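What follows is a single chain, given as structure tokens, in the form predicted on its own.
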């Protein structure tokens, strides 16, 4: 009888130990940026890394070399096969990944869209971590350029890829603002160029803009690769006094252009905070301490109280930050 009790205790002890070990398994997260070689995504990655240091989650990152619509599929598939708990991704297309996402979610993998959402395809991901209210990005960029060119003249847009969901949303809002707001009636959008988030192609496209539109007054580039390339071309051409460049860039990337007067101002947000917030949200949802429902609130150290919005969209800040000579020295990312 004593022997049976001892055996039962041993079995229960082993079972409890195994259960504790299982419960202690860290949440595994992979982040898949649009492509490699873009310093913007390095800041998001740093946010994930610091978040996982605090939370004890496992973090890895992989990315394709180019930002084509389907280039992330092999990386996404490999991570799902590896059995990762959470896939955070900055999608290169609003719909090209839907089938892969659906297969992953059917196996219990959490899909987070980070830095851009999937307009019209939100049902294929669990939540979206966005930097700001994206409805404000396009109009803010138009106003930033308009102020610098006296609200009149020919302007162009230098975007990323034709499929980029975030840029396409912003560009649609820019066009709507230019067409409907009488404040911008004298600003004429002459073309939209696509640099594919590649430095060389973005440079070539900007050079073509300057050659093909001799009366060009300004360029809006809502991509960190594009705005730096556009600034470089304008600087080299010594046309900073005639062509104004605005867009979305990082302070470290754009610092020289601000300091030498090539660029008066540009805008962005904190990409680091996106990674930090996404890590906390992912671990909380996986562990059951955060409900992925509109109206849910949770705390993120350094960011305070965060609220899950409609369609499970979560924003890290309210408005864009404008960087110029007055404040750029205060930022380092």
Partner chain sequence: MSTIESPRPAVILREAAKPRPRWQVILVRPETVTFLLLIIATIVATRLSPFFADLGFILESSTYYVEFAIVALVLTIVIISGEIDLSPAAQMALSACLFGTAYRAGAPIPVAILVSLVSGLAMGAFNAFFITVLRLPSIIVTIGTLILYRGLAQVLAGDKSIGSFPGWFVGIDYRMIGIVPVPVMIFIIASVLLGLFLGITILGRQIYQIGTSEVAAIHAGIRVRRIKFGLFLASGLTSSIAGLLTASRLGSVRYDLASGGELTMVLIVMLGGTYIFGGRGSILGTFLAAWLLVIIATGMTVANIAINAQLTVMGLLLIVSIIATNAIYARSQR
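Positions refer to the first chain, counted from 1. From a predicted model like this one, the values you see are computed outputs, not experimental measurements.
What comes next is about the form predicted in complex with its partner chain, which does not appear here.
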Checklist entry - Here the chain is shown alone; which of 73, 132, 173, 149 has a heavy atom within 4.5 Å of its partner chain in the predicted complex? => result 73
Next on the checklist: Only one of 289, 54, 36, 297 gets a heavy atom within 4.5 Å of its partner chain in the predicted complex. Which one?
Outcome noted: 36
Checklist entry - Can you pick the stretch from 180-188, 94-102, 241-249, 122-130 whose heavy atoms fall within 4.5 Å of its partner chain in the predicted complex? => result 94-102
Checklist entry - Within 4.5 Å of its partner chain in the predicted complex, do 78, 81 and 161 each have at least one heavy atom? => result yes
Item to check | its partner chain contact at residue 62 in the predicted complex, heavy atom, 4.5 Å | outcome: yes
Next on the checklist: So, residue 27 and its partner chain: in the predicted complex, are they within 4.5 Å at any heavy atom pair?
Outcome noted: no
Item to check | Partner contact for residue 50 in the predicted complex: its partner chain, 4.5 angstroms, heavy atom | outcome: no
Next on the checklist: Please determine whether residue 67 contacts its partner chain in the predicted complex, using a 4.5 Å cut-off between heavy atoms.
Outcome noted: yes
